[in-house]
Structure formats: structure tokens, C-alpha cells
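Form predicted alone, single chain, as C-alpha cells, below.
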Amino acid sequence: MSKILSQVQCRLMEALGASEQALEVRAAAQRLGLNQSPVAAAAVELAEEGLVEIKQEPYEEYSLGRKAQWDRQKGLPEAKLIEALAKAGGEAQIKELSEHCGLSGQEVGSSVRFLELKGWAERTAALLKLTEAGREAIGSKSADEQLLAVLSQAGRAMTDEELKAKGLDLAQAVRLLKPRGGWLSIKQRSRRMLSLSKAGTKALAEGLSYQEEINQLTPELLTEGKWRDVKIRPYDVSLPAARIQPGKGHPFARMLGQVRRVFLEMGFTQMSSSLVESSFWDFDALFQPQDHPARDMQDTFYVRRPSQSKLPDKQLVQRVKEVHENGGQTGSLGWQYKWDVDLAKKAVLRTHTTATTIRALAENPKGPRKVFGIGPVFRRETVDYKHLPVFHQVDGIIVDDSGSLASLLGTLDAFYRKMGFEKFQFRPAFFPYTEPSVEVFVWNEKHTDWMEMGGAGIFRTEVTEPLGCIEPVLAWGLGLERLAMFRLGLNDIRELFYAHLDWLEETPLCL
């Protein structure tokens, strides 16, 4: 007696019966001229009937990593180093090699360990000596270089079977590329292989017949009553479907939007100010002395054109001047130096968004009031995994006669919890413009360490009273790139701004 199946199921069984080996779902779909989804659904249904066997076969997929700096023309720098060593008679001082191989001193220094890893050279203090293996490697390509060349030429991800078919020593290539963090991406994949079971082979031999199936009812089927004679195909939501990559905003931009929403939900008003700021608002109004190290050229970007900015009204400038020199009417001693108005006029790229909130406080010093600003800031930072010269901050102030350090910490606690963090702490700190002051730290699981996120405190009277504010002002400035690193599972802050489409596509819309 023949087995009654759907048309796709019948065609799939016939294709598997005609094949001498198991077929991958993709290959079976190509043979049938169908999309993978209906073929995969038919395979699952046949497997439930015991007619088809589905086996998961793991494999690895290789592609160039996000940090790969592979240039097919230049090759790996250590290949040039062994040639230079050979020309130098087999040994040379490390610092002298850059003159003989066309590489920078930094490239030579970073490549020495790869020479030793490959056994091409031996190092004694600053002397590098070519080994026999290094001489034999001249003019040839090592396993890692071969793999990089193949992946670069292919311009796509390749499976381990494809690479081994090209004669590559994958194990050796991976061992050599592993120390070059981020040069090689290896993803674990699996494919579903389909074949007929004994019962399926028997059913195919006895003959198959199919009943027409439909995906949806039509007006004709309903009006003519033919819906009684057809079979409606069930919809299995657990089956894999075609991958769709919808348009979406950059993950970091979406996170900035989330930060903004959190503060708006907490009753804050958003303010903004110019990226080019006067030193008066960026430093002086915050009671930061004019000889403070942060105001040096090596820490701050000063603007050449315009080199000076306009100052606010003379009375406010005079009050700030007096506070710096002798404390003015605040009861403070000030910084005890002669304040220079020309230094206050210097134009800078703002070093923090506190310049936004301090302007807002000067415009309206009366509480109760809650204000925040969010945007890019600029500092002469050394670029590494957690520092950038351009980054984003969110600054905020609360002007409230009953404001206290406890309410400040409670506000920050609420913000970080709304952003999905549970493990954070506040540590005592010092800032020229707040007292008491704290630094905010969040636990970084990947680096198993606490990472600083920003500072907070209560503005000193030397900051608030010249602006006409006599109430406590709670203030904070928090970095957002590091927050995004944790939320997106990144190891390096620079990865936020790399143009890697695969990462952008795979990052979920719900962060």
C-alpha cells in the first residue's frame, strides 16, 4: 500500500532515493528547485514518520577577522625580516633591521615574537639570529600566510573542508594566527544531512502518492466549497527560515537613544551646547584653576580658528575671577593666583558635557530642576582598548534645596539599573568642582575587573554661587562607550566604530 504524503515530501524522498550519498538540506533544495524552508519542513515531517534520517554534522567556518591587516602584496612582516637577516649575514641588532627591510621600528618590534614562534630566528637580548628553519623559509609562504591569502582572495567565509582541499595545514595556521588577536575568525557551524531510512527505502519501493496541500485559503476555495477537498499545510514556527537582515540603526546610536529615554523617563530636561567651547565654560566656571594639568596642550584640543570665544556678561566673569583669586563671597580662599581673562577666552573642543549643564545652570539657577546633556567630547587620550580621543558622555545636574549625596547615588543607581546593570559601586574621589565626590565603577565580566565609568558629586559653592545658585546641585558625568562595550559584549572600545557588516547585522535590535 502506497504512502500518502505531500508533494514536497514525495519529491524529497525521490531525490534522496536517487542520490548515492546523504544530501545536505541546501543541496536537496537545489535539486528540487525550491527554497530551503519547505524542504527543511518536509524533512522534519518525514523524520517524525520514520522515513528520513537527519544527522547533524559539525564543521568550522573560517574568515578574516575584524583586526586583520592583511595585504597580499606586502605579506607578513616576518617574511621580510628573515630576508633582511640573511642579507645581514644571518644576525643583526633588532633596532637596525628596520633600515634593511622597509618596516617601521614598531613593525619590527611586534614581529620578533612571530619569528621566534615559527622558529625562524633566535633572540639574545637585542641581537636577532637567523635559524636554519628561517633560511629554508625564505621565499616560501608559511601556513598562516597561505591561509590569509586564500581567505583574502575568496572574499568570503570558507569551510574547513574547502581549505583542506586546497592543501592547507589548518591546525598549524590557526596556531600561528592565534597570537595575532582578531586576525582570524572561526565559527562553529553544523549542517543537516538527509538520507532515507530503511522504512523510507521500503515506502519508496512500494510507491508514493501525494495529496495537494495549500498554504492559505483563497476566496475561490471558500465560495466554491473546495476547501473541503484540500489539505491545509500546518505552519511550524520552530523550523528554520530564510535569514533576513532588516535595516536598523547602529547599535551604539541606539544605545545613546536609550540613555536619552532613561533620563527623560526620570523627569529630566535635555539641553545642548556647542562642540567648540570657551575655556571659561569648560574650565573656569567649574572652578578649575588655570594651571591645572588638564588644561595643557597635551590633554586638551585647542582651536586655532577661532582662537578665542566670547565670554558672558562682565559681572559673571568678575565673580568667577574673584572666586579663583580669593574665593569671592563664598567664604573660600580660592586658588590664590592672578586669574587671566585671555586664558578664559581660549577656544577648545569641549572636554566634557559638563560645559552644557553648567551653561544651563547659569541660565536658570533656581530649583527644583533636573537637566541632562549628551554628546561627544574630545581629549588627547592614548588610544587603547578602553580609551579614545573622541567619546560620548552624559552629564546631568539636579538643583534641589533638599538634594544630598544619598539622592545623587540613588539617581545613578536607578540609571544603571534601567540600563541593565546590577553590579556597580561608588568610590570616594576628588574633582576640583565637586565635594563630596565619587567615581562610578561597573564590573566587567570579560576582563574580570572593575572599570571606571565616570565621576559625580555635589558642586562646590565656588561653582554655584557665582552663577547665582544658592541651592545644592548634584552633578555627574558618565562615559557611554564603555557602557556600550559591556552591553554589546565587546572586548575593545574601538570595535564600536569598525565598519564590520557581519557584526552590525548580527547585533539584535533589542539590546
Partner chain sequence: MPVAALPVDVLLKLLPMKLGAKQLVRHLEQLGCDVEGYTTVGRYRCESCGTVLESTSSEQSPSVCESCGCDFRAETEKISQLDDVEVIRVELLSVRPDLFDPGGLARALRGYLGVQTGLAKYDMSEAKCSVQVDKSTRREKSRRPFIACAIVRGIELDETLIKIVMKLQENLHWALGRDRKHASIGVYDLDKLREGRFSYRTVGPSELSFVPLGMDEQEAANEMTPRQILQRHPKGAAFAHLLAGFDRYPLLADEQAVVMSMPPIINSQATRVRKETKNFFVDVTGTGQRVVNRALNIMVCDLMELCPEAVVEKVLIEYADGEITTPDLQPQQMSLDAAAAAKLIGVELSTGQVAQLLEKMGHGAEDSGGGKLKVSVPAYRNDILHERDLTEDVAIAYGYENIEPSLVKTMTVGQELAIEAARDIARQTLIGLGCYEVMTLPMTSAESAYEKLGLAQTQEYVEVENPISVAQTMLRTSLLGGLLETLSLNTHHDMPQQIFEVGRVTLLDKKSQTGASEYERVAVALTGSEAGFAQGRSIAESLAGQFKSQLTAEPLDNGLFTPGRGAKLLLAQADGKQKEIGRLGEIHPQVLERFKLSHSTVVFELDLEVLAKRLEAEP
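Residue numbers count along the first chain shown, from 1. If you superpose the two forms and keep the largest set of C-alpha atoms that fall within 1.5 Å, you have the rigid core. Everything quoted here is computed from the prediction, not taken from an experiment.
Unshown form predicted together with its partner chain; subsequent notes refer to it.
Residues with any non-hydrogen atom within 4.5 angstroms of its partner chain in the predicted complex fall in just one of 109-117, 130-138, 394-402, 194-202: 394-402.
Looking at residue 219, you'd find every heavy atom of it more than 4.5 angstroms from its partner chain in the predicted complex.
In the predicted complex, at least one heavy atom of residue 501 sits within 4.5 Å of its partner chain. Although the partner is absent here, residue 304 is a contact residue: one of its heavy atoms lies within 4.5 angstroms of its partner chain in the predicted complex. Shown alone here, residue 224 lies farther than 4.5 Å from its partner chain in the predicted complex, counting heavy atoms only. For a residue to qualify, one of its non-hydrogen atoms must sit within 4.5 Å of its partner chain in the predicted complex; all three of 248, 330 and 383 qualify. This chain lacks the partner; the member of 124, 364, 188, 152 within 4.5 angstroms of its partner chain in the predicted complex by a non-hydrogen atom is 152.
The listed set 171, 86, 232, 264 contains one residue whose heavy atoms approach its partner chain in the predicted complex to within 4.5 Å, identified as 264.
Contacts to its partner chain in the predicted complex (heavy atom within 4.5 Å) from stretch 294-319: 297, 300, 301, 302, 303, 304, 305, 306, 308, 309, 310, 311, 312. Remark: with the core as the superposition reference, the CA shift of residue 61 between this form and the one not shown reaches 2 Å or more. Annotation for residue 93: C-alpha shift of 2 angstroms or more between this form and the one not shown, rigid core superposed. Relative to the superposed rigid core, residue 388 undergoes a CA displacement of at least 2 Å between this form and the one not shown.
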